[in-house]
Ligand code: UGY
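Below sits a lone chain in structure tokens, taken as the form predicted on its own.
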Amino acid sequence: MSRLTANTRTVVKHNYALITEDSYVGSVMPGWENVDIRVVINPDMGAFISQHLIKLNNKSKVKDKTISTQVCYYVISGKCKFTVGGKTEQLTQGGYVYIPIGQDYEIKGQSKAELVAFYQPYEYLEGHDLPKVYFGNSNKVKKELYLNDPQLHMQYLLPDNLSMDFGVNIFTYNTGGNLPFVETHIMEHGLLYLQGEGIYRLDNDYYHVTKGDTIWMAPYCPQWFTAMGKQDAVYIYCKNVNRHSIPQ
């Protein structure tokens, strides 16, 4: 049976977007060979950040460089190799690498692999050095209670120091868990659902969200989430941190 191709859950508004897999469109990037890449968040939609969904295979090769924008790559599934800062590491599911500005790097596919990448322009802070290249694996990062709620667990993937103006976290909600209030804040988010499903409030609208969905939230967009279904809900997201909110 054919489906009506005009149907999608994708919604794009001035201060938020829900981008679903059925509406992803591929892009071509210089220096990226045999790579399926989808640009799902970008400044052209009014965002400050960018978010890419990436599929690699054993023929995939990437040569790129960060100039004024830092990036964090997270491996959703499969495995690949990253070379950056004179160091090469194989990353498997849950592995990630943070690449600061001014770094040449390479990626080589070793099998079918899926990654998400978060990009944000870097803002210097006087008296602090640039951040360093950082490799890690979320499977080794402690889950901490969020706001002392036993149903909410946060993993902070990147170092917590003032040289960093960028955070990447994984938020796990046990089934039935929910944010204890509607958040409205200066931080912008790019977000990808890794597991489970639930209901997300964006501005004054409510949406069913599930694994594979991308969400962009502009600063001050009211937001709230509750987990539903039989699995815990898990998403990875980025945010801006540790800088003044007014021009200096």
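Just so it is clear, the structure is predicted and the values come from calculations on it, not from any experiment. So that there is no doubt, residue numbering starts at 1 and follows the sequence shown.
Here the subject shifts to the form predicted in complex with this ligand, a form of this protein not shown in this document.
- For the chain shown alone, Y146 is a contact residue for this ligand in the model of the complex, at least one non-hydrogen atom being within 4.5 angstroms.
- Residue contact check for E183: one or more of its heavy atoms lie within 4.5 Å of this ligand in the model of the complex.
- Contact annotation: K239 falls within 4.5 Å of this ligand in the model of the complex, judged by heavy atom distances.
- In the model of the complex, this ligand lies within 4.5 Å of some heavy atom of F171.
- For the three marked residues, Y200, Q223 and Y235, a heavy atom of each sits within 4.5 Å of this ligand in the model of the complex.
- Among V62, L192, L53, M217, the residue placing a heavy atom within 4.5 Å of this ligand in the model of the complex is M217.
- Screening 171 to 179, 104 to 112, 87 to 95, 126 to 134 for residues having heavy atoms within 4.5 Å of this ligand in the model of the complex returns a single hit, 171 to 179.
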